[in-house]
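One chain comes next, on its own, written out as structure tokens in the form predicted alone.
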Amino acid sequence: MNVQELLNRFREVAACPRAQMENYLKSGKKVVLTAPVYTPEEIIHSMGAVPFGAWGADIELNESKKYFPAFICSIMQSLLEIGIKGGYRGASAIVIPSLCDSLKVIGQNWKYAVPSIPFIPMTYPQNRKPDFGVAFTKAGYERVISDLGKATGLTFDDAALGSSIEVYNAHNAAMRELVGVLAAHPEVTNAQRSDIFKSAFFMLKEEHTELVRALIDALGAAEAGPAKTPIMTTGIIADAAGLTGILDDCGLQIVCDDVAAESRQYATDTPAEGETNLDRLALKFRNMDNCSVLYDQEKNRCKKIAADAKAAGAKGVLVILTKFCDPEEFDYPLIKKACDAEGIPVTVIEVDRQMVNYEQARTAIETFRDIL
């Protein structure tokens, strides 16, 4: 496939995840939903099921409002809305981690609102670095394995987990390489870039890696398009068509990102060390850093954003703040301080899964472009 055909394939999956899910179900595979931000997909994959991203969608919220206050993350609200309306029908279970206050409460609401899809909690420790934190993480994984077995009838094998870890590490490497390749090809729009990242949640990773590798090769043989103004994005989600369209209209190009649904997913590989493969996976979580939902007293993430923007040649940093996301809101002043110290302009816009009009964001982004 050529570049455009590959980009169209990513778009097809990103735009119609339900159709992709139906394809897996029709092939006889079991599907397990994975909620933000870091679910142990490798475990689900190793048991023969398809990990399927459940990050909500840009939809009107009605039924989910019966379970949540208005001032809670719209990602969680839209995830539950889709579940209530049958958008995830056929899934064998949903695994929800407990890395923020919103994630800690959605599981109990899910149990009552969507009883047909079993809720499996993954409880991560805040203090993930010490040995006791690693042991706590491993115990959480063992509970997930037990609950998955009950929900799906599938069995766990540590050797199979080792194979799945290799699949995921290979995908991580491909996605990290792709970021640099896309930065050198401004003709790939921000909307198309978003499709590549978004589609990864709805495909088996080995299938997605194959497409990504093909795209890297195709772009390597293609001539780069006209230069645009390079920027960096940071936030939880940045996949709204209204938003990426504005960035494209303004001649801005995302050359690197610190978005939880994008590059943050692929920053950390599972290490080779560990007595068992499950131990290795627990060590991966210990090694994870630079994320708003991971405890870090020093807030090194904020300095890293400034450093990454500078290294990538970004002229500015666009903070895409998910409304009512406390961890991200708390980090913003420190991000701005770190970027100011490096002479990198910063602006912030607020997004919500219910937004239908991005004109206020357009004004802010156009102003931001004009000062770069």
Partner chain sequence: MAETTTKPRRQPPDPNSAKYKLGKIADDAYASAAAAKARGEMIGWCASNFPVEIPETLGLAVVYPENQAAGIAARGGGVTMCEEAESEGYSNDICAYARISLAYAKLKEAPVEPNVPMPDFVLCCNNICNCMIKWYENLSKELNIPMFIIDIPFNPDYEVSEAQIAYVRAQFWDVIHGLEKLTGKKWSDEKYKEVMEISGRTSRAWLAATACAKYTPSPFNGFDLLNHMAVMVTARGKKEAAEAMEILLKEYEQNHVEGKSTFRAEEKYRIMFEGIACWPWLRVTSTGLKGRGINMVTTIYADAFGFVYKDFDDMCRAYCNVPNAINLEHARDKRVKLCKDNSVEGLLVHTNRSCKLWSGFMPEMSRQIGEACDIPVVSFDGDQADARNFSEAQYDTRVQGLTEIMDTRKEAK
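Quantities reported herein were computed from a predicted structural model and do not represent experimental measurements. Numbering follows the first chain given and starts at 1.
Here the subject shifts to the form predicted together with the partner chain, a form of this protein not shown in this document.
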Quiz item: Does the partner chain come within 4.5 Å of any heavy atom of residue 136 in the model of the complex?
Solution: yes
Self-check item: the partner chain contact at residue 313 in the model of the complex, heavy atom, 4.5 Å
Solution: no
Quiz item: Is there a heavy atom of residue 42 lying 4.5 Å or less from a heavy atom of the partner chain in the model of the complex?
Solution: no
Self-check item: Interface membership of residue 275, the partner chain in the model of the complex, 4.5 Å heavy atom rule
Solution: no
Self-check item: The unique member of 267, 167, 154, 294 whose heavy atoms fall within 4.5 Å of the partner chain in the model of the complex
Solution: 294
Quiz item: In terms of non-hydrogen atoms within 4.5 angstroms, which of the given stretches 174 to 182, 252 to 260, 286 to 294, 225 to 233 touches the partner chain in the model of the complex?
Solution: 286 to 294
Quiz prompt | Interface residues of 64 to 81 toward the partner chain, as seen in the model of the complex [heavy atoms, 4.5 Å] | solution = 66, 67, 68, 69, 71, 72
